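For reference, the chain that follows is the form predicted on its own, supplied as C-alpha cells.
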C-alpha cells in the first residue's frame, strides 16, 4: 500500500496538476494585490504626499507578467505532453518485449519438444514426417519474425537494399498471394482472388511478400469464422489497387488510425486470443510508402469485417520521378554488390 501511494504522488499527471494549481494561485494573488493597491490609491491617493502617488497607473508590468506566466504554463504543458508521450512509448516497448518473447519462445519450445520426442522414442515414419513438417512451420515462423525485425531496423536506418524491377501487377500480386497460401498451408478456396490489374508497377518482390504475408496473416488471425478472405485487384489510370477483405471482428473507428503505428495493437473483449509484436502493419505501411504507394483500412466496427486497401503507382516510362529513382537506385545497388563480389 505504501509503494502504491508513493507512485501516485510522483505520477507525472499529479505533479503537473499541482504545479498548475500553484501557478494559478500565484496569478490570483498577483491580480488581487494589484487590484487592491489600485483601489486604495484611488480612494486615498489625494490624502497622500505627491511623492507617493503615481502619476499614472502602470499596468504594463501586470500585462507582461501575465503573458510571461501564460508562456510558462504553455511550456510546462508541452513538457508534460512530451514526457507523457515518452511514457506511452515505454509502455508500448515493454509490451513489445513481452509479446516478442512469447513469439520466440513458443515455436522454439515446440521445436525442442519434437526433437526430444524424436531423440528419445521410436516414432513411426508417418508420424515422424508430421513432426518434421510442424518443425518447418515453426522455423518459418521464427524466420518471418526475425526478417520483420531486421526489415524495420533497416527502414529506420535507411540501409535496406531493395531490388526494384518492372512487373505486371496482375501476375505479380496473384503469384505472391498463391505463395502466401502455400506458406500458411491454407485450404483451397480460403483466399479468393477477384478482379484484374493489367498494369505495370515497379516493385521489390521480397518486400511485397512481407506486406501481403502480414496482411493475410492479420486477416486470418482476426477472422473467427470459415468465411474466405478476398483479394480484389483493380487498375486505374494512375494507380493499382489491391484490397484484402475479411469478414472478421472488424476494427473500431477510433482505432483505425492507430493500428499502423509501431508496437500498436488493439484489444477488444470480443477479440480472439491473438499474440503478436505490433510490427506487421507498421512494416507493411513503411514498405508500401517506400514503393511510392499508400495503405489504408476501412471497417464499420464490431463484427463487420475489415478491408485493407493498398495502392501502387502505375509505371510510366518517364525519365524523371520517384519510380525512376527507385530503378536507378536498384542499378546502383547492383553495381555496388558486383564490385564487392569482385573485391572478394
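Keep in mind it's a predicted model, so treat the numbers as computed, not measured. Numbering follows the first chain given and starts at 1.
The same protein also exists as the form predicted together with a small molecule; that form is not shown, yet it is the one meant from here on.
Within 4.5 Å of the small molecule in the predicted bound form - does that hold for a heavy atom of every one of 249, 265 and 278? Checked in the predicted bound form: all three residues contact the small molecule.
Indicate whether the small molecule has at least one heavy atom within 4.5 Å of a heavy atom of residue 308 in the predicted bound form. Within the cut-off, so yes.
So in the predicted bound form, does any heavy atom of residue 135 sit within 4.5 Å of the small molecule? Although the small molecule is absent here, residue 135 would stay clear of it in the predicted bound form, with no heavy atoms inside 4.5 Å.
Do residue 131 and the small molecule share at least one heavy atom pair within 4.5 Å in the predicted bound form? Heavy-atom contact with the small molecule at 4.5 Å: absent for residue 131.
Proximity of residue 169 to the small molecule in the predicted bound form, heavy atoms at 4.5 Å: Flag for residue 169 set to no.
Residue (of 73, 259, 83, 123) lying close to the small molecule in the predicted bound form, criterion heavy atoms within 4.5 Å: Going through each option in turn, the one that passes is 259.
Just one of 197, 173, 219, 207 has a heavy atom within 4.5 Å of the small molecule in the predicted bound form. Which one? Contact residue from the list: 219.
Of these, 83 to 91, 183 to 191, 233 to 241, 219 to 227, which stretch puts a heavy atom within 4.5 angstroms of the small molecule in the predicted bound form? Stretch with heavy atoms near the partner: 219 to 227.
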